[in-house]
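As a starting point, one isolated chain is supplied in structure tokens, in the form predicted on its own.
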Amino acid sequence: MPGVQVRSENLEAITVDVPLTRGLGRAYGDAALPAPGDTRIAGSALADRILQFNPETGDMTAEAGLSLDELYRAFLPKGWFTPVTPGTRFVTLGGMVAADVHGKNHHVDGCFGRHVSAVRLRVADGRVLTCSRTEHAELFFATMGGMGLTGHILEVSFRLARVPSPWIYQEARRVPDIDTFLAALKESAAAWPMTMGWIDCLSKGSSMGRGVLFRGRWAERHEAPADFPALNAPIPVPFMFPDGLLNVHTASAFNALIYHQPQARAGVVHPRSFFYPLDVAADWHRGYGPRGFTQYQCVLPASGGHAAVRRFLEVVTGAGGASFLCVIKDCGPEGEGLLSFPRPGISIALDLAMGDDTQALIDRMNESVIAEGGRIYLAKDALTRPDHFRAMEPRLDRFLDIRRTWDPEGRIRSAQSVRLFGW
């Protein structure tokens, strides 16, 4: 990948001929890839200093290259944790702002941007600005969820959350079908701060949408083990699996195994297993073979009810979209960012091994999402067509107007922005 790693001392020296900043490079799609013809990107992983921290309030300012992994190791032992975490700790603060990430607690705590007070940004004309809800507010809200297209994110100011212990108290429950699952999610959201589920997206008929519901909260000090939940080295995946190993038959067998395995009713679990199950393996993507995989995530609005979710799952199962991983959760209010993903409703995310028919499956799923009035998550998109995205995103024109105001020549761009917006 062409690029230059930017150290802390010269982060602000990024020149305007570098059109994109890249964090840890874990994005599922092409948001962190250079646009066609671009030869350089700026890597922010070396710009990872904590610039300010208030131990009374949890307020922190840090450079955009600081990762959640580093925050976990440095601050969870002290009783602090990020207020919102996505499904991996290998993401930078800049990436969390760019995607306005959400987590299992979205119905309670919203997106990450809700907890950000200010962002320091180098815009396309070379100026370095501090933007917030009161200063350059339109730029601030366009940057939350703006996929790095408003400028190079240099620093992020936000507030960590105080937690009673570093462990999670979890309940797991096997659920027989999608209607029961959606009812259980709604019931759990009223009492639990963190909820999500795994569903078998290949099951049909009366068992369509069967799965396992997880709900959790931070364990109280008296419930938690005395030791700290250390992070062991990830299990290596030393070779690429053969092409075609993941198919409807192997995915069905895997899903049945997961569904029927014994479920512990309740107990204290490691935060990694609750928040970051895939981080347990290094290079886990090799399991999808040399053609790789894509992830797809959508949110279906609450107004569609259970029927909208069933209709979407019928599209997936009818097309034979084999997936080892299909995650479902309920979402709370829409984020403040102009392109923030969540809205009140049900989010469904699935991994798909790349094949000859993957583009056609993505098209059919997008058509279903458009018909239901939903939207997709840009942080996990690689194949959506521009007309499909425009049809599902009424906020797009406002975002593009703000982007054009601050970058009239289209200097800040990515492979994703060119694919979806033309610049």
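Since the model is a prediction, treat every value here as computed from it, not as a measurement. Residue numbers here begin at 1 and follow the sequence given.
The discussion below concerns the form predicted in complex with a small molecule, not included here.
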query	finding
The small molecule in the model of the complex: contacted by all of Ile178, Val316 and Asn366, heavy atom 4.5 Å	no
In the model of the complex, His107 touching the small molecule (heavy atom, 4.5 Å)	no
Contact test in the model of the complex: His388 vs the small molecule, heavy atoms, 4.5 Å	no
Contact label in the model of the complex: Pro229 to the small molecule, heavy atom within 4.5 Å	no
Partner contact for Ile402 in the model of the complex: the small molecule, 4.5 angstroms, heavy atom	no
Sole residue of Val299, Ala142, Val116, Ala99 within 4.5 Å of the small molecule in the model of the complex, by heavy atom	Ala99
Which of 84-92, 204-212, 71-79, 133-141 lines the interface with the small molecule in the model of the complex (heavy atom within 4.5 Å)	84-92
